[in-house]
Structure formats: structure tokens, C-alpha cells
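Given next are two forms of a protein chain, the same chain in both, each as C-alpha cells and marked structure 1 or structure 2.
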Structure 1
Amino acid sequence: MTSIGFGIIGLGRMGAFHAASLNGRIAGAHLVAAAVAPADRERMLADGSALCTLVSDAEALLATPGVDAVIVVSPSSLHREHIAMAARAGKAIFSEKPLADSVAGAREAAEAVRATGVPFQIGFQRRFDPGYARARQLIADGAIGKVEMFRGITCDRIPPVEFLRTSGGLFWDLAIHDFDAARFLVGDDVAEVCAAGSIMVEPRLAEFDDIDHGIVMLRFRNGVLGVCQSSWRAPYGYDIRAEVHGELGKVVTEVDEQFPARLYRDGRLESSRHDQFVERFSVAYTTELQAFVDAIHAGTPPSPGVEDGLKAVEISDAATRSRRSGGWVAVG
């Protein structure tokens, strides 16, 4: 089997994780080069932290010999540009969410992928988490009968305000994972949403009309109802869960303990929780990238694909507009 050469645009937290995976944990692929900002390039070369050849920008990366596929881990505002560039260059593309920082930009990115026909996968890693994957299989097998209701929760530590100024907002940056999980588990598209939000953590979010707590009601095309709860507050540790109710029962997948052991003593239960999403989803991040590589080798469309990425953006946008208008908003 020929090994696929990868280039990475961005070597931040997730970029570095994917780089490490390509340097030993992913079969059938290897890391060739990464595009980083000049200051970061100088620092990495000086302290020996560079994991591969470093180039100055995405254009140089796409022209680097041996780069067959690209991982887009640049800021969200640059995703559309980098996806379109890579598609035109004929490279297979794995991109972290979202497709772009606007619906129009996401549609442009999707069209670039469709027009060129390059393999594309969006980084919704929850689909590859053992708990979420098992829940989906149970639902598909009819274990809870006809699906009737969905509930998703994500609570995380708030990022720096300067990051949030360009992240797109709570529904674009955090809740988007629950929106995709809702589609994945329910097995249907969201028709309309109704959202509300509050600022409970960071008052400066009001400067750019963002929130740190949000609730989004979902109405699926098949009539199923759902709710997504998002918060930039998690003092007890990273917290996610999904719950799907059906006519015969329900299936729940919750955040796992950091260690598979609990201490029962003096009338108390003690366990350790995951603190950051990278450690919580380390297996899922590796599994999703391996699935992308396997799909390229097999000549099959990777999943979740560009249409899944576009639908998640459309839900995020509808939720943002609903929060501002105070009513139900159609998706799409």
C-alpha cells in the first residue's frame, strides 16, 4: 500500500495532535510538511519542536513535493480559502470545523469540493467516539424503536476573548458539534430551530453580540424534537453527553471518567474527569483521521463529508439568527 503524504495548514493544538498521529499512529499515511506563521516557524526551528518540514504559507505547502492530502487547521476565517485552494490543487482534504465563518463562505467551500471531486472529510470527531458510535448503532438496530426526542449538552472552559471575537459565536464554535451529533444520532435533518442565550461568564462578549450560555430547540423534518445546551463554563471538567429517546427506551452516551475506576469511601463516590477535549477525544481524533486515510486508499467517499459540514453551518447560522430575533428560524 502506497503511503499518502500529508501537509498541515496550522500547527496549533489540533494541528500538532494530527501531526503526531501522522508520525506513527496512522497506517498508510505520513507527514511531509506544515504551513505555519513565520514567527512560529522560527520558534519551532530554534527549540527543535518542528515535526516536519515547515513552509511559510498554504500556497507553498500545496506546491511541496510529496503532499497528496491536506489537513486544514487554520483559523475558521481562513477555512473557506484554504479548502478552495487545496481543492483546486487536486488534494484530498481533511478540515476541522467549520467549513467557513459564514454560510456563503461554507457554500463556496462546498462547491469547490463538489466541482473538483476531491475526497473531503469534516472533523466531527464525535461520530468516531466509541460511545457515540455505539449509540448510533443501537439506534440503527432498532433498540429504542422509533426515535422521538434528542438532547445534547456541551460544557467547556471559555477560550480567550480575542479568540472568541473571530470564532463565529457560541453556536458556531461549540454547539456545532451537538448539531452534527443530533443529525448523526437521529438520522434526519433539522428543519428549524429556536434559540436563546445569556452572558453569565464573560461580560465582554456583549461587545460583539456573543453569548456564553445557549439553549437551542430543534425540530427535525420527521417531527422529532431536540434540544442542545451549550456553555462556556465547566469548573468540574469537560462535559458532553447525548441522549436519544424512542418508543421502546432511550440510549445515553456521557463523558467518560479519565480513569476506568471509581472510589467509594465514607459515603462518597470519587472519580477523575477529563479536563480538556483533546484528551477526552484522543481516540476519536486518531480514528477519524485513520478513517479518512482508509477511504482514500479504498476509493470511497469519506464521511462525514462536505454536505454534513455545510448542514452543520446552516444550523449554527439559523440558531444565531433565532437567538437575535427570538423566534423559530428555518434551516438552510
Structure 2
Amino acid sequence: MTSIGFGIIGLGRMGAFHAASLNGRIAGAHLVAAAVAPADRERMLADGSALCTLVSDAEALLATPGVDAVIVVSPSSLHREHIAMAARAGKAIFSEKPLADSVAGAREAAEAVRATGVPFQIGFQRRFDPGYARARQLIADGAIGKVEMFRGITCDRIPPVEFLRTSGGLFWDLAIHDFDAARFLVGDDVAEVCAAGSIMVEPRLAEFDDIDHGIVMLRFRNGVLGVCQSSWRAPYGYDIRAEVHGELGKVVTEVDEQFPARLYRDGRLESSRHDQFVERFSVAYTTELQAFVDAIHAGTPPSPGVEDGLKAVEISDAATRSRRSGGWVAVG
């Protein structure tokens, strides 16, 4: 089996993890080079923190010999441009979510992928998390009968405001994972949403009409109802959960402890929680990238694909519009 050479666009919080994965954790692939923003490139060259060769920019990366596939893990506002460039260059693409920072941009990115037919996977790692994957399997096997209701929760520590300025907002950056998990677990598309939001943590979010707490009600095409609850506050550690109710029972994926051991003492029960998403999803992040590499080797379409990326963005957009205007808003 020949090894697939990867280029990475972006080596920040998430890009550094994918780069480390490609430096030994992923079979059948290796890291060739990366492109980062000019200021980061200067800093990384000075302090020696780059995990690979750094080229001048994304265009140079795509022209680097040995780069067969690309991971787009630049800021969300650049995904459209970087996906379209990589597709035109004929590279297989793994892109972090969201597909773009607008529905029009996401449609453009999706069209570039469809038109060139390059393999594409979007970074919805929850589908590869052992808990979410088991929940999906149980539901698909009929363990809870007909699905009737969904609940998803994500609470995380707030990132720097400068990151949030280009993230698209709470529903585009954070809740989008619950929107995809909802589609994945319920097995249907969302028809309409109704959202509310508030600022409880960071007043500067008002400068760009963002929020740090949000609730989104979902109505699926098949009549199933759902709710997604998101917040940029998690003082007790990273917190995610999904609960799917059916006519025979419910499936809950929430075992979120850092170690599978609890201390029972003095009338108390203690366990440790994960602090950061990189820690909580380390298995899922590696498994999703391995699945992408395996699909390229097998010549099968990677999943979740560009249409899943687009559907999730459409829900994020509808939720944002509903939060601003009030009332139910159709998705798409």
C-alpha cells in the first residue's frame, strides 16, 4: 500500500492535533508540509514548533511535490476559498467544520467538490466517537423502535474573542456538531428550527451580534422533535451529551469521564472530567482521519461528505436567522 502524502492548511489548536496524528498515528498516510498565516510561520520557524516543513501559503502547499491530500483546518472564514483551491488542484480533501461561514460560500465549496469529484470528508468527529457510533448502531438496529425525540448538549470553555469574530457564531461553530449528531442519530433531515440566545459570559460578543448561550428547537421532516442546547461556559470541564427517545426506550451517550474509575468516599462520589475537546475526542479525531485515508485507499466515497457539511451549515444559518427574527425558520 502506498502512503498518501498530506498537506495541512492551518496548524492551530486543531491543525496541530491532525499533524501529530499524521506523524505516526495514521496508517497509510504521512505528513509532507503545512501552510499557516505569515505571523504564525515566522513565530514557528523561530521557536521550532512546526511539526513539518512550512511553505509560504496554501497555493504553494498545493504545488508541493508529494501532496496528494489536504486537510483544511484554517479559520472557518477561509474554508470556502481553501476547499475550492484544493478541489481545483485535484487533491483529496478533509475539511474541518463548518464547510464555509455562509450558506452561499458552503454551496460554492460543495459545487467545487462535486464538479471535480475529489474525495471529500467533513470533520464531524462525533460520528466516530465510540459512544455516538454505538448509539447510532442501537437506533439503526431498532433497539428503541421508532425514533420520536432528540436532545443534544454541548458546553465548552469560551475561546478567545478574536477567534469567535471569524467563527460564524455559536450556532456555526459549536452547535453545528449537535445539528450533525441530530441528523446522524435521528436518521432524517431537519425541516425547520426555532432558536433563542443570550449573552451571559462575554459582553464583547454583542459587537458582532453573537451569543454565548443558545437553545435551538428542531422539527425533522418525519415529525420528530429535537432540542440542542449550547453554551460557552463549562467550568467543570468539557460537556457533551445526546439522548434519543423512541417508542420502546431511549439511548443516551454521556459517559464523559476522563478515566473509567470513580472514587466512592465520605458519602461522595468523585470522578474526573475532560478539560478540552482535543482530549475528549482524541480517539474520534484519529478514527475519522483513518477512515478518510482508508476510503481513499479503497476508492470508496468518504463519509460524512460534502452534502452532510452543507446540511449542517443550512441548519446553523436557519437557527441564526430564527434567533435574530424570532419564530420558526425553514432550513435550506
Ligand SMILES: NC(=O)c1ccc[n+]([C@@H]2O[C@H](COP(=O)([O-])OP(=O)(O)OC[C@H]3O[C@@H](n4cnc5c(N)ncnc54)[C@H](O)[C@@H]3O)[C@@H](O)[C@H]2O)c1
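The first residue in the sequence of structure 1 is number 1, and each one after it adds one. Note that the coordinates shown come from a computational prediction; the quantities given were computed from them, not determined experimentally. Just so we're on the same page, rigid core means the largest C-alpha set that superposes within 1.5 Å between forms.
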Identity of the form predicted alone among structures 1 and 2: 1
Rigid core superposition, G28 Cα moves 2 angstroms or more between the two structures: no
Threshold 2 Å Cα movement between the two structures for V278, core superposed: no
Rigid-core-fitted C-alpha displacement of P38 between the two structures (angstrom): 3.0
